[in-house]
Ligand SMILES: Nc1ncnc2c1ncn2[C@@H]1O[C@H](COP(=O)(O)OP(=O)(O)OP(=O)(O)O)[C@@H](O)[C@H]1O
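The chain that follows stands alone, in the form predicted alone, written as structure tokens.
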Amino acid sequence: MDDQATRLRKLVEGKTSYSDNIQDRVIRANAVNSLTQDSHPSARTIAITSGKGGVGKTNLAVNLAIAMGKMGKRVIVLDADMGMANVDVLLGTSSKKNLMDLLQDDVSIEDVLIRGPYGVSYISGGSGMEHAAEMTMLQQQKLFNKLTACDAWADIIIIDTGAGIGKNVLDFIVAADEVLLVLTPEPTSLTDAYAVIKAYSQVCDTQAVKLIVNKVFDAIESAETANKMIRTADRFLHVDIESIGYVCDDRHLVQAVRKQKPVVEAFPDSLAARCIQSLASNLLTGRNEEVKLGWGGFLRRMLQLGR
């Protein structure tokens, strides 16, 4: 699959099929310079994706960013979900400029960065994202050059991609250091998540893919759901993936959305918030932390056992 990320790698290696004229040499040289600069540590890039819509992907992306911000990390969220502007809604803000405005000479990265709470900023993709694949090489280079400034603004960059396996989505997840695949226990979510893993495995090492099971009753349901996907991927695709945690279904999530605030900010002691904080800690330290369900979890389990 000759996707945008592959073409960029070939460009840097000098293996493109573009005519070897002066303009192409300049573009290639600039690409090498911008991608090999090492004046400061590079920000960690995490793409969050899903096989289908409605699984809580964007909500999780925003809340993970806030949770990491609370832990002292500088985080940028790139809303690359085809101009749906869900990040704006969840943060209760609006953006006047978006990613595609960077193509204008007088627009800098500071102009499109929207400041959020706890050191978290975000960049709106805007409706123009759907035309990103149509950019010329010079336009791509201009965008890349300006986006390199994000390294100075963030320790972690979270890309909230669209759902599914469209070309634009695959471009984002292939280019990221890590991919968090969000799914739910619903059969359709499992089927669509499998499609993402299959498409990704055809172009990249799937060890970068990690599962997060959302909207579960408890850790047991999460483990059952994740194990189904892990076994299926191993049997039919011969790839290894792992689950890094889960988020319990919690009414506070809905209440937080109505308040247009992340649940980890609006209801930091809620079950969902504690699950997300555990996920953030896992991503930052590599250690799985058990989520204590508390009294509410005890009552939930008792209710389930009584059925």
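Don't overthink the numbering: it's just position in the shown sequence, from 1. Computed from a predicted structure; not experimentally measured.
There is also a form predicted in complex with the named molecule; it is not shown, and the following applies to it.
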Task: Selected contact from 244, 257, 239, 266, since only one has a non-hydrogen atom within 4.5 angstroms of the named molecule in the predicted bound form - done: 257
Task: Listed residue that, although the named molecule is not shown, lies within 4.5 Å of it in the predicted bound form (heavy atoms), from 253, 47, 68, 279 - done: 253
Open item on the list: Each of 74, 93 and 117 having a non-hydrogen atom within 4.5 Å of the named molecule in the predicted bound form: is that the case here?
Closed with: no
TODO: Please determine, with the chain shown alone, which of 98-106, 135-143, 211-219, 188-196 has non-hydrogen atoms within 4.5 Å of the named molecule in the predicted bound form.
DONE: 211-219
Open item on the list: Against the named molecule in the predicted bound form, would residue 55 count as a contact residue? Criterion: heavy atoms within 4.5 Å.
Closed with: yes
TODO: Look up in the predicted bound form whether residue 86 has a non-hydrogen atom within 4.5 angstroms of the named molecule, and give yes or no.
DONE: yes
Open item on the list: Considering non-hydrogen atoms and a 4.5 Å limit, does the named molecule approach residue 64 in the predicted bound form?
Closed with: no
- [ ] Determine whether any heavy atom of residue 270 comes within 4.5 Å of a heavy atom of the named molecule in the predicted bound form, and answer yes or no.
- [x] no
